[in-house]
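As structure tokens, one chain now follows by itself in the form predicted on its own.
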Amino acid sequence: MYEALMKSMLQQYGADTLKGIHHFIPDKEPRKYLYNLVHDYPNRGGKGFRPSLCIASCKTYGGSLDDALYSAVSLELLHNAFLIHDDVEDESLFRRNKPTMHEYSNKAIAINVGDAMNVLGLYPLFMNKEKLGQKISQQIFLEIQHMVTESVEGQALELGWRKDNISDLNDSDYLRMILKKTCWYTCMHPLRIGAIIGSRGKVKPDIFNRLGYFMGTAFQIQDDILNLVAEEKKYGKEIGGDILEGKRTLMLIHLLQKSKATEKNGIRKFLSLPIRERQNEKAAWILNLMQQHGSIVHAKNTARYMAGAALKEYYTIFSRLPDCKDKSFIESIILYMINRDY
């Protein structure tokens, strides 16, 4: 039942957000090389996770969809801008079952489209003042500013580890990177912003930090696991792409800690090659090592632990609020993470 509720509300709020996104994309030239492309990634139909959390948090605290919509649109535009830039940085081939933008166009145009989406994502925040007033609008803007700062710092850590072929990381290093790269912008700030809007600034947003951290960590680890074990058509990205890209996932970090010296040397040699020179056969060998050394099981157990901690935080925060569909929706996401079947 919780899975059906989660999927239906993600679809509903995702559609509401997509409609809002189209409203903020200019209908003018240059269409072919810019504005038509801005529509591309949002139209591919991602999860709508971030705007949905924002809207649900707002409504749980007494606000409305209309109150939260501009902020939700901003979150989703910025998210898709990140995806375009991430795909260029990672040299990814596919996104949501289609070629990445830099693959079917080129890197220069893709980067420019991502830049445009970042800029377009600012205007809904400016428009917030018409609905929410100056004080709340400024608070939301600062939330977004902090979110983006943390995200690029986390991305810098991951890109730097790959650039320098760092191989002596531990779980704490990974969790610190994910806190910055994923948790703030996937869960923590969407929950915070929604509650600020719904309560008209009465709620202290820091109460959501632990919940958002545990949710975001479980979300990212499970996404990394799916990259290795899911069906490619169902997942929407190339399976094993994280290995080919050299991403320091929890599984790779665990493997580098647990593997034999000869295995570790082979992994490091593979990761030292340019991405396009890394062979699928070698990536399959690394995946097999992850299975042998229990790296995927370790990641699954860590994700479930984090999701369980998120559920405890959820009850601490939300048990005092009246029951409603949006409150149940947030709970359903956590329950889905706990019971997720790969």
Partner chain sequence: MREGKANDAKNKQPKGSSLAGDLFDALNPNDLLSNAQKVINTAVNVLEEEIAAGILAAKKIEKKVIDVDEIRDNPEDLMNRIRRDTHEAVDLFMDAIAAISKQLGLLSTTIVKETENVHKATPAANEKNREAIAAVIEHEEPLQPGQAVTLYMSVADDTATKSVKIQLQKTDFCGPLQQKILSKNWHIKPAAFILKRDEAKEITIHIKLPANCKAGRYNALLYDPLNPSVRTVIGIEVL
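Numbering follows the first chain given and starts at 1. These numbers were taken from a predicted model, which means no experiment stands behind them.
Unshown form predicted together with its partner chain; subsequent notes refer to it.
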Work out which of N209, N112, N118, S105 lies within 4.5 Å of its partner chain in the model of the complex, going by heavy atoms. N209
Proximity to its partner chain in the model of the complex, single hit among N36, Q279, T316, Q292 (heavy atom within 4.5 Å): T316
M188: heavy atom within 4.5 Å of its partner chain in the model of the complex? yes
With the partner left out here, check for me: in the model of the complex, does some heavy atom of L311 sit within 4.5 Å of its partner chain? yes
Any of the heavy atoms of K247 lying within 4.5 Å of its partner chain in the model of the complex? no
Exercise: K181 in contact with its partner chain in the model of the complex, heavy atom 4.5 Å: no
In the model of the complex, which of the stretches 37-45, 66-74, 296-304, 282-290 has residues with heavy atoms within 4.5 Å of its partner chain? 296-304
Need the contact residues for 139-173: heavy atom within 4.5 Å of its partner chain in the model of the complex, sequence order, or none if there are none. Q139, L142, E143, S172
